[in-house]
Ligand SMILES: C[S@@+](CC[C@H](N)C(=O)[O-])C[C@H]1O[C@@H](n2cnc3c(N)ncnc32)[C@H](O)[C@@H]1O
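Given as structure tokens, the chain that follows is alone and in the form predicted on its own.
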């Protein structure tokens, strides 16, 4: 029998909103009303100050009342956290997160680190298909450009099976780089690929770009190069899962060392490296066919995000006695308040 606040029905909506704003309304029970009164279930008894504030709205009585359980499901994990966070903490909460397979990957501000378990459990409650919640603990680091993570709720694992564009990918969120936010980019480029193209899928990770291409285009084949041994192992496995063995050639190693030995000229090169792709432009111009299309990804400042990258591309082209024509550029996603990920498409001549 929950503790309730009883008031005249005519004040029902205004008192309901007041209780929500003060994080007092218990959504696990249904309100009850008769011909004159309405009862709202309370999470806890209002404080003296809260009672004084509510009394300015209408007259009420605090009492126990038998109510029916509610089948209401919160619309967001932020709603579940309403009694766990202060108003200031709620403003700092990042409500967007990536879902990779059945694992949610979220950033939690340092100010909310002591509430990370509550955040993880709230996500699991709102999204039953999510089995694990991981928190990002830092920036991209090391040769493999990985971000450290910490499991904060759910199953203690980092391996999952992700579905995208009719393809399946095994992904280890702790040991490989994978961004579900690039799914649009993968299909955007797939629609540009012409029959019999030879594609360089550099920094291939677990294989989302070349595998989507194999599924949706008539490319001749793709050479997928990956430096991270763990990502490469999953790349090989994902190629088999998606039955693309005849159209994708996986190679383990550094693009700088592998590309010069290939004696291969590409019709299209995809460079979805999270950071540092500008360091591989010499290899682009050395291995690009005349008319080769290049998709260059980079993190950039929100102010003039394309200018520096276009300068680097043009400078590298001149150094290699090649000419570039910029065909498209766009912001792929926001990374932070001051950073975005961009893509620049250009043609090599």
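What you are looking at is a predicted structure, and each value in this text was computed from that prediction instead of being measured. Positions refer to the first chain, counted from 1.
One more form of this protein should be noted, the form predicted in complex with the named molecule, which is absent from this view; the next part is about it.
Contact annotation for residue 250: none of its heavy atoms lies within 4.5 Å of the named molecule in the model of the complex. Shown alone here, residue 178 lies within 4.5 Å of the named molecule in the model of the complex, counting heavy atoms only.
Among residues of the shown chain, residue 134 is not one whose heavy atoms approach the named molecule to within 4.5 Å in the model of the complex. Using a 4.5 angstroms threshold between heavy atoms, residue 200 stays clear of the named molecule in the model of the complex. The three residues 186, 225 and 273 all sit with a heavy atom within 4.5 Å of the named molecule in the model of the complex. Annotated contact segment (heavy atom within 4.5 Å of the named molecule in the model of the complex): 252 to 260, selected among 252 to 260, 100 to 108, 126 to 134, 239 to 247. Among 145, 220, 78, 216, the residue placing a heavy atom within 4.5 Å of the named molecule in the model of the complex is 145. Listed residues 119, 269, 204, 173 were compared with the named molecule in the model of the complex; 204 is the one with a heavy atom within 4.5 Å.
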